[in-house]
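To begin, one chain is listed below as structure tokens, in the form predicted on its own.
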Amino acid sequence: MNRWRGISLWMDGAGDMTPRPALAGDITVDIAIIGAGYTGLWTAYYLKTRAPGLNIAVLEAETAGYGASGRNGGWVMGAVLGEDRMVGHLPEPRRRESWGLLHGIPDEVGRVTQAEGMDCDFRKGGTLYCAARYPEQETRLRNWLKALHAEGQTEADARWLNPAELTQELRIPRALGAVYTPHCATIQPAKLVRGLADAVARLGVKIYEQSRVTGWAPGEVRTAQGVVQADWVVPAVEGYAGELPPLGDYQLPVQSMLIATEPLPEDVWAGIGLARGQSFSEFSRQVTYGQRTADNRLAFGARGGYRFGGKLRTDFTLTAAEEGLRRYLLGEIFPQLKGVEITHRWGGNLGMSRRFQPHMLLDSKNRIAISGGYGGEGVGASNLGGRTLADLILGRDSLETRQPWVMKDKTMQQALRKWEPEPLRWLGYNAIITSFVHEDKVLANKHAAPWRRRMARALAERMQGLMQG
């Protein structure tokens, strides 16, 4: 269907969009999964490969990949949001195990895509976190690298690139250096989620598309077409949690927006780099990121948004101001692209937890399993979430189930922190973002007085600390 194909660059190139049949009446299954995005489909995949006899149904309101799974920046990161806060305090042997588990995420995704014949442009080229626009970025990057090494990571996991070394990977005028990590791959996100849907369907999982869930409770999922009775329920909805109370108390939707250029000729790419599928991020407090696509476009995302009351954004037609900001930042990093044609503009809703870190939870009493709160890093984290939920539901003790982000035998109310009520969320979000924007504006001005630079940075650091507190 054209309305699905047009929601992002990725869905445009994802192939057949013919929906699978909707639910048509009441059914009974072992496991009901709400949402045919990465989390739901990875959970189904690992459950079915580890326990082939399970009867699993996946219920999707639109089509597989309609949500963030078909709209993101295409990074499969060997990391999760807030990993340093969760892993850094562990005893050394456990810390080493946790880092190894996280760093292995891209390889596991690559293994499955190869085993299942998924053509999703998987390239493991690593990530470059760049000090690209002002000197304070170099200071923050070096401090971050020092902290990573103090927590047990090595030069093989994250290392400093001086400007000359960075030029071999990515050419940014006046860049001061970068941190490079090999633990990241780039993909065509919609091809991955659509391929994953095909893979679980081949395994015998029933996927019901255009079957919007209208309500849920332990042991039951309701749609307009029928009721699903299930031994286990897995709500895998991430940024759409507000549509399924009480999940919205714990996972708020925030918006990420991207643009993509026309395919660029080889002489332009020769001046940019990114020849091996590397991703890159300009290391400001507001996330700016990109990748070179398999068809030689530059896909570029920056900043985000939050709507009062945690409302979903349904229309991602970027305003002139939204597109203009991304064009400006793209031109700041790559001056040669200032006049390039932008062919695609899109965005999506992602889920953010109050602790700004993911959670993988098993409520054994009510037989509910949840993974979410990825905060924009869900392409890789959802794979780990799917593996973890599968082991938790099957009662398996594994490295995945022994991690600090895993919560066993607890309800949502016991395990997760609620978001503050409005207008506190709105006021807090805008205060934090305003401080970040102010910092970026001041620090990007090379003529700004030193005291003004120190003040802008201190305020932003204070607000970031409050956000994570």
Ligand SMILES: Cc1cc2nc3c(=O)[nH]c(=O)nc-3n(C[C@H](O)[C@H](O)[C@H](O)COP(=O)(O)OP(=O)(O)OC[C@H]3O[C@@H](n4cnc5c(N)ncnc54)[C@H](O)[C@@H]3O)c2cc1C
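Residue numbers here begin at 1 and follow the sequence given. Model, not experiment: these values are computed from the prediction.
Missing here is the form predicted together with this ligand; even so, the following discussion is about that form.
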Practice prompt. Considering this ligand in the predicted bound form, find the one stretch among 119-127, 98-106, 254-262, 149-157 with heavy atoms no farther than 4.5 Å from it.
Written response: 254-262
Worksheet entry | Full three-residue contact with this ligand in the predicted bound form, heavy atom 4.5 Å, for L145, S284 and Y306 | no
Discussion item. I need to confirm a contact call. Of G110, G195, G73, G310, which residue comes within 4.5 Å of this ligand in the predicted bound form, counting heavy atoms only?
Written reply: G73
Worksheet item: Which of these residues, G376, G277, G177, G248, gets a heavy atom within 4.5 Å of this ligand in the predicted bound form?
Response: G376
Item to complete: Would you please decide whether R367 lies within 4.5 angstroms of this ligand in the predicted bound form, comparing each non-hydrogen atom pair?
Response: no
Discussion item. So in the predicted bound form, is this ligand close enough to T39 to count as touching (4.5 Å, heavy atoms)?
Written reply: yes
Discussion item. Does any part of S211 reach within 4.5 Å of this ligand in the predicted bound form? Heavy atoms only, please.
Written reply: yes
Worksheet item: Taking heavy atoms only, is Y289 within 4.5 angstroms of this ligand in the predicted bound form?
Response: yes
